[in-house]
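For reference, the chain that follows is the form predicted on its own, supplied as structure tokens.
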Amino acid sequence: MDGFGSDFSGKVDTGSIMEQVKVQIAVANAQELLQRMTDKCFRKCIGKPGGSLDNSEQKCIAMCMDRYMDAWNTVSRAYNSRLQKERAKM
């Protein structure tokens, strides 16, 4: 294998390529989740950016991130459940 889903004979391993694409999509989704969560919680919790966070800002950030992740997980489970039901109908 050369790292691009083909061996030295030129045959393409589509399973390997699909797995690489899935990993890349998962990484991109995680990065997007983290960026959105950071933006939202920063706007909500940080009144005046400075050199450090005070205690109330730290608590707000922690709670905001927890709620965001809980909501994300709830939506993800519902979405995956719906996908499985739709696939079962096919």
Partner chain sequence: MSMDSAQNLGTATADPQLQHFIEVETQKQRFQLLVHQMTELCWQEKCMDKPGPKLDSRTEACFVNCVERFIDTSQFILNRLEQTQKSKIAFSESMSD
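Computed from a prediction, not measured in an experiment: that's the story for all the values here. We call the rigid core the largest set of C-alpha positions that still match within 1.5 Å between the two forms. Numbering follows the first chain given and starts at 1.
Not pictured, yet referred to below: the form predicted together with the partner chain.
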Original post:
Closest heavy atom of N29 to the partner chain in the model of the complex, within 4.5 Å or not?
Top reply: yes
Any of the heavy atoms of L53 lying within 4.5 Å of the partner chain in the model of the complex?
no
Applying a 4.5 angstroms cut-off on non-hydrogen atoms, the residues of 61-90 near the partner chain in the model of the complex are M63, C64, R67, Y68, D70, A71, W72, T74, V75, S76, R77, A78, Y79, N80, R82, L83, K85, E86
Handout entry: Core fit, then D70 C-alpha moves 2 Å or more between this form and the one not shown
Key = yes
For S81, is the CA shift between this form and the one not shown at least 2 Å following rigid-core superposition? yes
